[in-house]
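Two forms, one chain: they're shown below as structure tokens, one block per form, named structure 1 and structure 2.
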Structure 1
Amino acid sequence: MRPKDIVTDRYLVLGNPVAHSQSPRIHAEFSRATGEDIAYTRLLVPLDGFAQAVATLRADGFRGANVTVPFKEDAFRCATRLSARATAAGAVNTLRFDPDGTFGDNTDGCGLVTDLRSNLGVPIAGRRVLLVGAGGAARGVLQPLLAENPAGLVIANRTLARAEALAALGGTLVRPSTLEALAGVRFDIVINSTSAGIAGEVPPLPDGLFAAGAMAYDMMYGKGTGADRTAFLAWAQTHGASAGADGLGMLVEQAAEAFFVWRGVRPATAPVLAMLRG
């Protein structure tokens, strides 16, 4: 029997939909491996009910939450204190319920960069990077990518105005583009941040994008490799990419960083990634 006054700290993921979320599995593994006594669940939040849900969870004693589609901007507005990276992203994927308020952070960009650099062995420094898409997912990773000092970063989007607006936040290394205008330009790292894959689609990109040895990275994740890989990675493989990776590693890395924000402990990610891939 546990003493009555030892209460397991509770966390959860908030989304709509949320049933598919891998976060409960990932955090259960982190908890087991680190010995941090946490419970982690998921909650389907009504589309117009995010602020109310957060208020209820805080009052109920929850310690924090991960936030997924479509609530990352609601979470940004709910936070009473923001990290620099959440401010830059304009979105929050990690809430920590502190006694004096709600701290909002964004670990998505850190997750992407760590996956590329540490798990995949793809340094960003000095490389030519293409970020396809200019929505919330792209904004979340822009500053962390730039912090790695790429040779240059092009943001290409179906709607040029959105690429221009996002590029304006990035400084002199960043150039906006349409998808068509990429013809004849080559990149070392091509990152798909669009939601096209949800419908099994691939953004209409020109041939010849991949430089020798180039990496294709899809921020979405598929069911696996081979025939089960994402539509973007299947396209990349037949259009000259030397290597490809989906966003499962990013998912695990952003979760590890959120765990650190909550617990001050950094869990190992490789075993969890291997478990999910298995």
Structure 2
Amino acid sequence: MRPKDIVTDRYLVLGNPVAHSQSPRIHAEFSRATGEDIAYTRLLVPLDGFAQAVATLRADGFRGANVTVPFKEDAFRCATRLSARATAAGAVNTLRFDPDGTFGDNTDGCGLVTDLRSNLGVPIAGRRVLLVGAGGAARGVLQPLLAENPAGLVIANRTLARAEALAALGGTLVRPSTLEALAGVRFDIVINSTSAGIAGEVPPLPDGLFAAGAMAYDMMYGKGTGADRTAFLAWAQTHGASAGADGLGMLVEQAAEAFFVWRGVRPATAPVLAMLRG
């Protein structure tokens, strides 16, 4: 019988929209596999209500939260302490509610790199990388991508000024661009960091982006393959990409890192990814 004084630690994912999130399933499996006693839910947060939601969750005794679009920069501002990778990103996707404040981390970048390198077998070193979008999701993955030593990295955005601001954080390997100016340039890895896929849309990218053998990667995730894949991956398949992957593997890998931030235990990811794919 469970002792009355033991309380299950509560976590959740915050977003808008959030009903599609697979995070509750992922963390339920992590809890089962590791024996860590947690409960995990999701919460739809009003677009202007993130700070209030965090304050309420802290007061209610929650232990932490994952943060998805469009609140990663809001989460950065809410944190009272930041990890080095969150500071570098200027965005937070993982909050831990400590007695003395709110700790903010960013596990997106390591999740993306681990999925590409370990799950998909796609090396980043020496490759020409295009990062589409310059919002919080892009900020979270920029430094981990650069740490893999690509041949070069272009950040392309509808608004050049925002691409320039993010590119300035990356050093000489990074070049900003508008989407239109990509015409005639080819890449080995094209990563879509925008949330256009939520509405079933694709950023207005020119033809001819994909070099021979190129990988298209969408940080959003769909329901599967074929007709259920993301709009970006469907577009990429008809525009020269040799392979494609959505962000489900990234989601699982970043979730495992968040679980480690919260619990000090890093769960195995392969069984959970296989379950979700199945």
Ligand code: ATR
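Bear in mind the structure is a predicted one, so any value in this text is a computation, not a measurement. Here the rigid core means the biggest group of C-alpha atoms that line up within 1.5 Å when the two forms are laid on top of each other. For residue numbers, the reference is structure 1: its sequence is counted from 1.
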Of these two copies of the chain, point out the form predicted in complex with the named molecule.
1
Inspect the rigid-core superposition and answer whether the C-alpha of Gly197 shifts by 2 angstroms or more between structure 1 and structure 2.
yes
When the two forms are laid on each other by their rigid core, does Leu173 show a Cα shift of 2 Å or more between structure 1 and structure 2?
no
Is_shifted Tyr40 between structure 1 and structure 2 (CA, 2 Å cut-off, rigid core):
no
What's the distance in angstrom the Cα of Pro206 travels between structure 1 and structure 2, core superposed?
3.2
